[in-house]
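A single chain, nothing else alongside it, follows as structure tokens in the form predicted on its own.
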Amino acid sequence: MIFSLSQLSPVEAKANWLLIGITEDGEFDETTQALDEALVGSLTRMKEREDLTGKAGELTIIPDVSQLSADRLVIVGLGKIEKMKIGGFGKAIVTAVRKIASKADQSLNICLPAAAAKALGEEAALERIADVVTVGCSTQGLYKEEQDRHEFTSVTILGAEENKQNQDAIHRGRILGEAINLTRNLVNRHPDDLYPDSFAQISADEAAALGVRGEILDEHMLEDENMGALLAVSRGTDRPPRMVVLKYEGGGEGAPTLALVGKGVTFDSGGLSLKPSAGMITMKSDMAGAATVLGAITAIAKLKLPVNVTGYMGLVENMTGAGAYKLGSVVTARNGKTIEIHNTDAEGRLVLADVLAYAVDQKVDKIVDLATLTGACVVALGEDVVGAFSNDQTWCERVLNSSREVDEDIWQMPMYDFFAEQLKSEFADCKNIGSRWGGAITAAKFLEQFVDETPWVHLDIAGPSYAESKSAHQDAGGTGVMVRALVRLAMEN
């Protein structure tokens, strides 16, 4: 799919599809007026009949526009100008793209809406267009014989200056879209296709293609590193665990290092605390944290950002085999803490405990971890909001701001010390769960024990990383949430 910019009039530019956006309030912009004139006032008449309202996400397809050089016209509503944000703008564009990308070998022209360029900034709008077109043309049907969407042969954005800044914005957007698609692809793979070793191999291939230094620690190396908590989770499966470390060093020697740590439970049965079928069906997605880290690292490397970022991905299966760890077992984490197991389905925090401790031992400067950690966070914040937890408010504000700048919904949760009281054990240094109350917070307080004084933010992405059902703007399955935010964080680090 080739992206380009053009100053051609939308009336004259040839393509299979012409996409324009209109707002809910105000008059047509100059571009839409020109189209309306070419169409002999049909858009005005549709607006007067309220067949064309501009409400956010509203789609109107005109399949035959003989007065234009394009074959078909699709109009998407952008909502009210004063409420326009980059996320809503992207959702509107991708809604249209998903609708019209049903045939192969089609070309697309997109008019840059004047309202979006003014409200969001031209470069930001162009970046998001390239991003969501790349995502919108992809499909979740990895194992289907026939795909229901196809990439456009070419995408031309009309109405923006053909300068380096705008070209760079489109380049960034394309890379972000590709990174999100990589993350979604991994999350959507079935668990006999994606398991610790195959995930590690995909990571190695991505790193090799980008010239990123990497290391894969197998089960013997993990034993040598005293990662007893992670290894305990993997005892019930015949697929051994892995930890992937990818080092992107664009900042050079001596520059601070940002660690991105991802939970990678490639399938979570719950272990001996077995999940019911309804709770297990989506557990191929319990590695979304690791997938997000890999997606972000690939984007950071492709963009050649002048920063040092290391990705750490702890990869395990949590199964019920003869060697499975048990309720009442006591395991020893890398940092020497002993953990009494009260629920084998609270396994992600055990994996992260060792990986976080490993990252701290590598003297990283700041940490962000991502994990589909708790259903409690979904209960608290719903399915569309990421929960943020931290031991350092200044660092947390930077993570929150990066998320808000790309319009990914996030909310900081409290970290009061009294929540840690629930984790006290009679037989070990701590338990792996607390009570049912404040479960997302007690999980974060558990993790806090493994980061020492390193500034750290934990992102619980259990809700928004996987969509249970499809909507107009996204498929069911992996979403790639927080890839944009992590890349923005790296850009500003």
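Each residue number is its position in the shown sequence, starting from 1. As the structure is a computational prediction, the values presented were derived from the model and not from experiment.
One more form of this protein should be noted, the form predicted in complex with a small molecule, which is absent from this view; the next part is about it.
Undergrad: I'd like to check something about Ala376: if you look in the predicted bound form, is any of its heavy atoms closer than or equal to 4.5 Å to a heavy atom of the small molecule?
TA: Within the cut-off, so yes.
Undergrad: Would you classify Asp345 as touching the small molecule in the predicted bound form, given a 4.5 Å non-hydrogen atom cut-off?
TA: Judged by the heavy-atom cut-off of 4.5 Å, Asp345 is in contact with the small molecule in the predicted bound form.
Undergrad: Using a 4.5 angstroms cut-off on non-hydrogen atoms, would Leu459 count as touching the small molecule in the predicted bound form?
TA: Output for Leu459 is no: heavy atoms all beyond 4.5 Å of the small molecule.
Undergrad: Can you work out whether Asp286 and the small molecule are in contact in the predicted bound form, taking contact to mean some heavy atom pair no more than 4.5 Å apart?
TA: Asp286: yes, in contact with the small molecule in the predicted bound form.
Undergrad: Look at the stretches 223-231, 337-345, 185-193, 168-176 and give the one with heavy atoms within 4.5 Å of the small molecule in the predicted bound form.
TA: Of the options given, it is 337-345.
Undergrad: Quick check on this chain: which one of Ile433, Ala34, Leu52, Ala56 has a heavy atom within 4.5 Å of the small molecule in the predicted bound form?
TA: Exactly one residue meets the criterion: Ile433.
Undergrad: Please pick, from Lys275, Lys118, Lys326, Lys304, the one residue with any non-hydrogen atom lying within 4.5 angstroms of the small molecule in the predicted bound form.
TA: It is Lys275.
Undergrad: Arg398, Glu405 and Arg484: each with a heavy atom within 4.5 Å of the small molecule in the predicted bound form?
TA: No, none of Arg398, Glu405 and Arg484 comes within 4.5 Å of the small molecule in the predicted bound form.
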